[in-house]
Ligand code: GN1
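This document starts with one chain, in the form predicted alone, laid out as structure tokens.
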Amino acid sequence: MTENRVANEGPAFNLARVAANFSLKGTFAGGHPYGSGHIHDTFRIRTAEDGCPDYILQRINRGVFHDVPRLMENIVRVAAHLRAKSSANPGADPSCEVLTVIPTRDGRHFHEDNDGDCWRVYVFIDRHRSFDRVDSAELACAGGEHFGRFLRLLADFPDPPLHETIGDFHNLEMHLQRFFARLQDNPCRRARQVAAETDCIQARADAMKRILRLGQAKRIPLRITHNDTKFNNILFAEQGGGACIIDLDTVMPGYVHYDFGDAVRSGCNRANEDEPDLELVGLDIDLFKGYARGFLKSLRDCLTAEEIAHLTFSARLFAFMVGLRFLSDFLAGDRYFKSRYPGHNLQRARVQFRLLESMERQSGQMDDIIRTLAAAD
């Protein structure tokens, strides 16, 4: 990782006291907020000695992840599986390609402090960087390859099944029910501000249940998926080559469309997630083509024809669903996603719905791209 990430905001903590509970190498030399995530409080911990790594220290959001032991059990198992695959690959460097969880001094994978806060530590991966924006088809293609490879490496993940760390995380039916309940209850008196967005949701709600229905009918297979494939969850080596997929909190059973759709939604938008000028928002078809090329290259002969047929739709689904979730959180008083100013989550929702409209206009071209790439040797 490098310092290209924007520091997240959060309450003040005694980081030295928290870090002392973990089996760190080196002497604590300071820490500061790090990252652009919406959920956890994240800090980079520096060590004083040359040759000792820095670390990432996170306060886990227990309002989102209620069962921290199961969450960390998943992460440790997934990391061990990926490390074994990396170690078997000549020339690979597992320390840079897989997250390393640092245990506490008493051998656990997280520390619970006297306030009930739960903390975890990863080794900081140096000489890597992440991107909040994708600026070329080549970078989009590389991202597609890495997320596709991640899915392929987990295709033989052994039993027992991973825990569901967030119940119904991508269950659109549940998110719709929650939205309409909040719209009806109107706890923060914000419903009048979202009339146009509500119309957008109502017009598309039934059609957007396609992946859910395909899964229920067992027409698409359940896989181990990342489920949060924002582009900044890839750490790219600064000298090229390998990469590390991070933020393993939601790695659990899902459909391939969850990973493809969210990556396109987050990585192929011409504008920022909270862009104030909606005229700048839209799908960049060249970035889409690049991402799809890399993704399908990594998963060649792995996906079914039915899965491939609905990849384009999954991008629309995730623009819709993430917009729905931002809007629902706005109605509830901004309780889930961190917001930096009043109306931040409403603006995020509007960006997603504008992106959805752009995808709808280009859906035929997107389908042609997927068909061409899937048919290529």
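The shown structure was predicted, so the numbers you read here are calculated from the model rather than taken from an experiment. In case it trips you up, residue 1 is the first one in the sequence shown, and so on.
This protein has a second form, the form predicted together with the ligand, left out of what is shown; the following refers to that one.
- At the 4.5 Å threshold, heavy atoms of I102 stay clear of the ligand in the predicted bound form, well away from it.
- When contacts are judged by a 4.5 Å heavy atom cut-off, H344 does not count as touching the ligand in the predicted bound form.
- Contact annotation: F320 falls outside 4.5 Å of the ligand in the predicted bound form, judged by heavy atom distances.
- In the predicted bound form, at least one heavy atom of E273 sits within 4.5 Å of the ligand.
- Residue-level contacts in the predicted bound form: of R62, R70, R325, R46, one residue has a heavy atom within 4.5 Å of the ligand, and it is R325.
- Residue in contact with the ligand in the predicted bound form (any heavy atom within 4.5 Å), chosen from L154, L278, I166, L212: I166.
- Annotated contacts: G144, F288 and R316 are all free of the ligand in the predicted bound form [non-hydrogen atom within 4.5 angstroms].
- Stretch 224-232 is the answer when you ask which of 76-84, 224-232, 289-297, 179-187 has residues with heavy atoms within 4.5 Å of the ligand in the predicted bound form.
- Along 34-63, these residues reach a heavy atom to within 4.5 Å of the ligand in the predicted bound form: G37, H38, I39.
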